[in-house]
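Below, in structure tokens: the form predicted on its own, a single chain.
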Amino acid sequence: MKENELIFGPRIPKELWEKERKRFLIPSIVLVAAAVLLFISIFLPYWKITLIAPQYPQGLTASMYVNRLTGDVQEIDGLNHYIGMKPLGEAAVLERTLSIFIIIGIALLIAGAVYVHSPFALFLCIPAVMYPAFFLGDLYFWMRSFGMNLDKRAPLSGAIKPFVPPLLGEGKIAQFATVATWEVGLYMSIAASVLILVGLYFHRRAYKPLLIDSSGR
């Protein structure tokens, strides 16, 4: 096996491509679809929290994109001030600053895996497969950090015990109720992860026989 084939894998013989084109197109199409899904998720919300308080019976909502917060952020920060929680905008500043570049880079790695006909394609796809879990883990870290480190000088600090806001579902803090939901952007990133696993399965089926033939020469 040539040195470049150790990373990029063997090329597809012309006669085999013409005979079994579908075999090699399926993993490529699936992986490209995953890259496109992940890229589009940049423009859609990942997470939303609705805060219901006595003075806001209709609820206040804040939606989280990978790089910004939208909605009733100032009003929610105003209520959180009374219990000693930091403003939402102070969470994950570095992550939000770099997120678009990171996601585009991950999407390009997935697209690059299309041109790799060896097990190295798996390593290119690992960041994308792990990305939804990383997002949720990072979100949990910041929610826990904010909820467990309340400002003791806040007006209602004595009435509120440290807490962790939910990543999904309902929660209750004193007279406030919260409802957290996963939004379409996060579901698209999860779908991209699933597509990658499917694509890698077909990738292995397509190219493993070529690797065996190449190594046996």
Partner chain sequence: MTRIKRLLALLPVFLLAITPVCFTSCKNSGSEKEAGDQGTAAVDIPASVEEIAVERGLSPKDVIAALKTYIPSGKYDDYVMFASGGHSGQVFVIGVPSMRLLKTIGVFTPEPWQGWATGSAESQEILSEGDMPRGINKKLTWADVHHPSLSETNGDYDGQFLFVNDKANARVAVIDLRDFETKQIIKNPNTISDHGASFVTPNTEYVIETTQYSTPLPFDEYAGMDEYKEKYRGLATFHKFDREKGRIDESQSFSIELPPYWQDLCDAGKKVSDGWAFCNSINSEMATGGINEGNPPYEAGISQREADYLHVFNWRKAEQVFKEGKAKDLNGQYIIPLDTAIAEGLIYFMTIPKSPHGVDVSPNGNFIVASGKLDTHATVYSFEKIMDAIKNNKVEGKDPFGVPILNFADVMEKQVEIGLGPLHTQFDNEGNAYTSVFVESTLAKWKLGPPDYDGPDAWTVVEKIPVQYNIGHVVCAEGDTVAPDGKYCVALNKWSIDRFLPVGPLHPQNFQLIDISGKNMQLLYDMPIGVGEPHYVQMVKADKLKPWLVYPEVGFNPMTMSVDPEAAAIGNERIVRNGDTVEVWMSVIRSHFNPEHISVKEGDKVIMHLTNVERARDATHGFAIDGYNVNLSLEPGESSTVEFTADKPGVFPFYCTEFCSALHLEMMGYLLVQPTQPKS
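Because the structure is a prediction, the values reported are computed rather than measured. Numbering follows the first chain given and starts at 1. Rigid core (definition): largest C-alpha set, two forms, superposition within 1.5 Å.
Beyond what is shown, the protein has a form predicted together with its partner chain; the following relates to that form.
With its partner chain omitted here, the record of contacts in the predicted complex names 182-190 of 62-70, 144-152, 182-190, 158-166, defined by a heavy atom within 4.5 Å. At a distance threshold of 4.5 angstroms between non-hydrogen atoms, residue 198 is in contact with its partner chain in the predicted complex. Put simply, residue 75 is close to its partner chain in the predicted complex: some heavy atom of it is within 4.5 Å. Looking at residue 22, you'd find a heavy atom of it within 4.5 angstroms of its partner chain in the predicted complex. Proximity of residue 43 to its partner chain in the predicted complex falls outside the 4.5 Å heavy atom cutoff. Shown without its partner, this chain lists 32, 51, 173, 26 as candidates; in the predicted complex, only 26 has a non-hydrogen atom within 4.5 angstroms of its partner chain. Taking its partner chain as positioned in the predicted complex, none of the residues of 111-148 brings a heavy atom within 4.5 Å of it. Relative to the superposed rigid core, residue 54 undergoes a CA displacement of at least 2 Å between this form and the one not shown.
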